[in-house]
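What follows is a single chain, given as structure tokens, in the form predicted on its own.
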Amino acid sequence: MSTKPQNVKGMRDLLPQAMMLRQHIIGTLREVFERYGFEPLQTPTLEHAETLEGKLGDEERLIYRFEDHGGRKLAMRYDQTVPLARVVAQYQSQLQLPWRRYAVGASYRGERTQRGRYREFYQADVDIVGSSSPIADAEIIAVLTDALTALGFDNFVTLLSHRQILGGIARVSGLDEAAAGGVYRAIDKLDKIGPDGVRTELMNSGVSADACDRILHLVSLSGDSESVLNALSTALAGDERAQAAIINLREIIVAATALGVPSNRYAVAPRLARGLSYYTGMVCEAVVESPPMGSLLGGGRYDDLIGLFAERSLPTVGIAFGLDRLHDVMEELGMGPRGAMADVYVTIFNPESMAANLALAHQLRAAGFKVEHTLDASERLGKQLKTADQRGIAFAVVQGPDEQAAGEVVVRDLKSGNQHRFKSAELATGLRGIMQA
């Protein structure tokens, strides 16, 4: 085994600049979630293995499982949805439904590491538990839209579909319910393997050439949402579940529009499948046009999952923001905060000035500024200013014996070189003024 320090493959370290972007993302999402009344929840990283098993379909093979010292079979959290279902079942008497909740944390999947996909990854989930109303689905779409807009994205589209639309496409193509699951799995790979790859996978599972043609034609429908829904309504005539799904999507779109979601921010996309087997209704994914990254986030309605734990039906809809994908895209596009954590660097003019200069740092922190200063009172002033500039700090505070005697302080703009002189008691007000100018 190599003695060279290294992290586990698929799990990455976030150094300060990357971590500042991560915290910016989480802070922005949290502000949007709470604006809609969502309440925070935290669950453990470890669950009993049986809690996760049997809930994820084909994805179950990716669960990290192990036995602890007591022989208990445990698993690392695969996502935050199944733990939510456990929490609702476990604390039913303490929760008032419908319940809006959000959670931010790490999950773990033993999958092949690639760009945008890691074995340890962070998600921010929002869910509404206990409502089957299309208004709940629409609110989730509105939260998604507001959150990505607040982060600075201007080129995203949320793809919308419904599990019963794909089911209807399978049924009108002559497939039974058992075969429909294979259609979900194949169509979910459309963006990765293309129509020919999907055709091959469907035919290898026993789907006829004519049925493949019909399925691929219908899932490839595109255009404005109303046109796509009209085309689906005609093609799926006679399939009651598919027709109900189309009506449901129309109701969701009406409510989302009333909640302020612009028409250019969503599109009905019959090809959208979502791989997890627990989805039962509307499904959604937000994608950016550039850089190519796949979906930034996704989710949908899952009305049966919580019932597996709670022994009663509890309709639920939600989405999960992939923080690692958001981070990678924003980093590539140069979005988010840049520069230093500190707003200002307070210098120590000389050892004799240390107490007075450190008092200025305290004064600014008490006023809400982020402040850094030297830890060596004998360090040359020029070196301190150079350090502040190298860290990307925009302003430096200097107060030597002359300024102390006059009750003044100098603020230097390290980018322009301009200097501003303020009374010591007015430092915070003056600094805030030039920062906002």
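Residue indices: 1-based, along the sequence shown. The structure displayed is predicted, hence computed values, not measured ones. The term rigid core refers to the most C-alpha atoms you can superpose between the two forms while keeping them within 1.5 Å.
One more form of this protein, predicted in complex with the RNA, exists but is not displayed; see below.
Using a 4.5 angstroms threshold between heavy atoms, G417 counts as touching the RNA in the model of the complex. Among heavy atoms of R338, none comes within 4.5 Å of the RNA in the model of the complex. At a distance threshold of 4.5 angstroms between non-hydrogen atoms, A49 is out of contact with the RNA in the model of the complex. Not displayed here, the RNA is approached by L297 to within 4.5 Å at the level of heavy atoms in the model of the complex.
The partner is absent here; in the model of the complex, the one residue of K386, R30, K370, R65 having a heavy atom within 4.5 Å of the RNA is K386.
Proximity to the RNA in the model of the complex, taken as a non-hydrogen atom within 4.5 angstroms, holds for one residue of E53, E408, E34, E59, which is E59. Contact with the RNA in the model of the complex, judged as any non-hydrogen atom within 4.5 angstroms, is confined among 182-190, 127-135, 235-243, 84-92 to 182-190. Looking at the RNA in the model of the complex, residues K9, T113 and E403 each place a heavy atom within 4.5 Å of it. Taking the RNA as positioned in the model of the complex, the residues of 311-331 that bring a heavy atom within 4.5 Å of it are, in sequence order, A320, G322, R325. The two forms, fitted on the rigid core, differ between this form and the one not shown by 2 Å or more at the CA of Q384. After superposing the rigid core, the Cα of I348 is displaced by 2 Å or more between this form and the one not shown. After superposition on the rigid core, the Cα of A49 moves by less than 2 Å between this form and the one not shown.
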